[in-house]
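Only one chain is given next, in structure tokens, and it is the form predicted on its own.
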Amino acid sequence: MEFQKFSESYSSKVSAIIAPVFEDFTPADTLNFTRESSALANAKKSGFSGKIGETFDIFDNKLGKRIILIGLGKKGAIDDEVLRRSYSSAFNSVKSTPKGVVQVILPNGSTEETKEVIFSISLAAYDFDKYRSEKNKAKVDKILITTKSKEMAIREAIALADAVNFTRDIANLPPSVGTPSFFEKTARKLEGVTVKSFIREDFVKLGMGGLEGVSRAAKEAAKLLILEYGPRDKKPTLIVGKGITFDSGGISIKPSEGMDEMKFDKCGASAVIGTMKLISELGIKKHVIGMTPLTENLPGGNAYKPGDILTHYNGVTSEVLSTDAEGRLVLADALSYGTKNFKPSEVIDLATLTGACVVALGNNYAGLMGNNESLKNRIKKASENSWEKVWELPIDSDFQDQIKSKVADIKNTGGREGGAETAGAFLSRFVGDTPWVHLDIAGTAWTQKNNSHRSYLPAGATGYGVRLLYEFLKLE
């Protein structure tokens, strides 16, 4: 599917038009074509008023095109999320048109509108059908955008959506395919990015007890990937993504119902790979290091066990109360190694870490925790420019007390109460004084079914984090 700026030379090829209408205003471009059509008049007769969520869909015989009018509410109250939801929903109704050419009219054709609409339509067109005989990918050939923005805005939006969909592809892979080795092969194909890989022998030699412990029973070889991009003369931003390629819970095994979704425990690592791909393709002038601790978490005769004590890279010891609280154990080694050896200006980690965060914030917000107000505020600002919302949670001394162990420095779970916060408190022990933010994306990394409100997020991995990190790295 190709995106281009609309010009009159394409008019005869257009098979469908998606056009906006406000409750109190009709954009000029919508009025221009509806003067030759009865679509707008018929819409109003049928009760269409331009409210958010309203659509009017008709084939106009005079124009010989399908017309889809979308309501955007009051002109002064429109926001990016209304654009994303409205245009992706309208696109879904035409995406199965074979070799179709769809004209998309924007309210005013600004750069931001262009970016949001291209982004949301591209995400709505996504379908993970790699293993299905019946393919449901969008059949539309071309989307023509009426926009005043420069071609660069279109290219940026396409690259951003492609990176998110690339991330979704990795995260959606079956656990026996999306292995640590697959991640390494994928990372090494990224242009402009250097890749270093640690294996189990390195974990032992370097004293990475968390990675060594969690990976003991893994069939697939565990890895810690280090990806680097950008000018080395500046302190890097370090991004770390949890990459449990399949999480059975280990000895503390999970219930069988829903365990298939534990292929999504690699969504944090997938987002790091996708972000590195994006910033390289767009030439972002920042020094960025991405780290992905990657392993399966399986039971077995040689698996690590409840009651074990692990020594992490920075010397902190952790008592294992549950082998199903494994993500924080592998992240601990990546965070402590990264902060010590790369001396980053800031650290951000993303992890499908706790069910407790899903209970607290649902599927619309990631939990945000950290040790630096300025960094947290910059993440919040970046989230304002995307659908990837965050909500701050505390990790004060009470939560630190909750993870104290009688036999080690800390324990890997503080119990059911405040589970997201105690996990954040655990990770805070591995970054020192470096500005750090932890994003618990357990509720936002994938969806179990097609989202009726957000048509741009079909079932499966969402690619959460790629755009958020990109918008963050763009901030001065």
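One-based numbering along the sequence shown. Every value quoted in this text rests on a predicted model; they were computed, and no experiment measured them.
There is another form of the same protein, the form predicted together with a small molecule; it is not shown, and what comes next is about it.
The chain is drawn here without the small molecule; in the model of the complex, the stretch among 254 to 262, 310 to 318, 386 to 394, 100 to 108 whose residues come within 4.5 Å of it by any heavy atom is 254 to 262.
Of the residues given (379, 289, 157, 325), 325 alone sits with a heavy atom within 4.5 Å of the small molecule in the model of the complex.
Scanning 118, 279, 356, 125 against the small molecule in the model of the complex with a 4.5 Å heavy atom cut-off leaves one residue, 356. Put simply, residue 413 is close to the small molecule in the model of the complex: some heavy atom of it is within 4.5 Å. Residue contact with the small molecule in the model of the complex: residue 446 places a heavy atom within 4.5 Å of it. Residue contact check for residue 242: one or more of its heavy atoms lie within 4.5 Å of the small molecule in the model of the complex. Contact annotation: residue 352 falls within 4.5 Å of the small molecule in the model of the complex, judged by heavy atom distances.
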